[in-house]
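Let's start with one chain on its own, the form predicted on its own, as structure tokens.
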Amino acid sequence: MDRVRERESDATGAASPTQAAGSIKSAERVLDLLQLVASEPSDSLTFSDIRTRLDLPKSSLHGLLRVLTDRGFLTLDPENKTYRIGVRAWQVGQQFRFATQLASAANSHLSEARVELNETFQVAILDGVENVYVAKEESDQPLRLVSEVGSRLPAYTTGLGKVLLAGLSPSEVERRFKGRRLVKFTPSTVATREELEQQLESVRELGYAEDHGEFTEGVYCVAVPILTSTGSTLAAVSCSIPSARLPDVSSVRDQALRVLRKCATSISVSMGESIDSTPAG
């Protein structure tokens, strides 16, 4: 009887549970593969490298790579047999216009903020439980934060990420972190979900978040939200300062917050959202 039902399902075009599970697994493998190659800065991943990193069967990986290269999502260097992201992936990425528009709107205002404090300013958006950097203006001081546009970090470890997470409801934060373990990168990293929720509640009340070396030791970061006209969090902007240049955190924080709030409002206006991002109180 079960076999009859399965055949009936196939006849109507609906996938059987087994087929659906297989399709989902294949889709996950494709996305894992693309993310792996995209995250490799040296463009030097061989077949063996990919197979080791993703732990995929040899035959399955051959098939996935063949399809992705044939469709232009990956490119194979014929000389050294390494893979890199192809032009079709770039074309698809260009359709995510929000990040491009945000970066374009932010750049001049980040530059103005950097002139005022000569520290590193960054803008990020939230992707799941990670913050993704979309724009950056770097300090010209010898000692400064090193980061890249396009990179991502666990949101609970950064000032930017905490601002973005605080823009979600507590129930949504709980949903996103369900089943996830909070990894400690430094002694200052948030250790538990309860501690994280306490910090996010404080961020909601204060209107800003701080990061005291929670992903990178020796770096202090303060961040504020970039809000829409309805008050929802669109993105976040931060100022990062090496702890060695912080004789008094509170005075530097207040100065940075003034510049950040001005910058956040200007970015919002440039994005077509005429708002005041300074939190009440």
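Just so we're on the same page, rigid core means the largest C-alpha set that superposes within 1.5 Å between forms. We number the residues from 1 along the sequence you see. Owing to the predicted nature of the structure, the values given are computational and were not obtained by experimental measurement.
The following text describes the form predicted together with the DNA, which does not appear among the structures shown.
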Contact of Y156 with the DNA in the predicted complex (heavy atom, 4.5 Å): no
In the predicted complex, L76 touching the DNA (heavy atom, 4.5 Å): yes
Exercise: H212 in contact with the DNA in the predicted complex, heavy atom 4.5 Å: no
The DNA contact in the predicted complex: R29, any heavy atom under 4.5 Å: yes
Proximity to the DNA in the predicted complex, single hit among S39, S251, S60, S232 (heavy atom within 4.5 Å): S60
Candidate from Q35, S243, Q255, S48 lying within 4.5 Å of the DNA in the predicted complex - any heavy atom: S48
Location of the DNA contact in the predicted complex, chosen stretch of 76 to 84, 194 to 202, 101 to 109, 115 to 123 [non-hydrogen atom, 4.5 Å]: 76 to 84
After fitting the core, E217 CA displacement of 2 Å or more between this form and the one not shown: no
CA of S60, rigid core aligned, shift of 2 Å or more between this form and the one not shown: yes
Displaced residue check between this form and the one not shown: I50, CA, 2 Å or over, core reference: yes
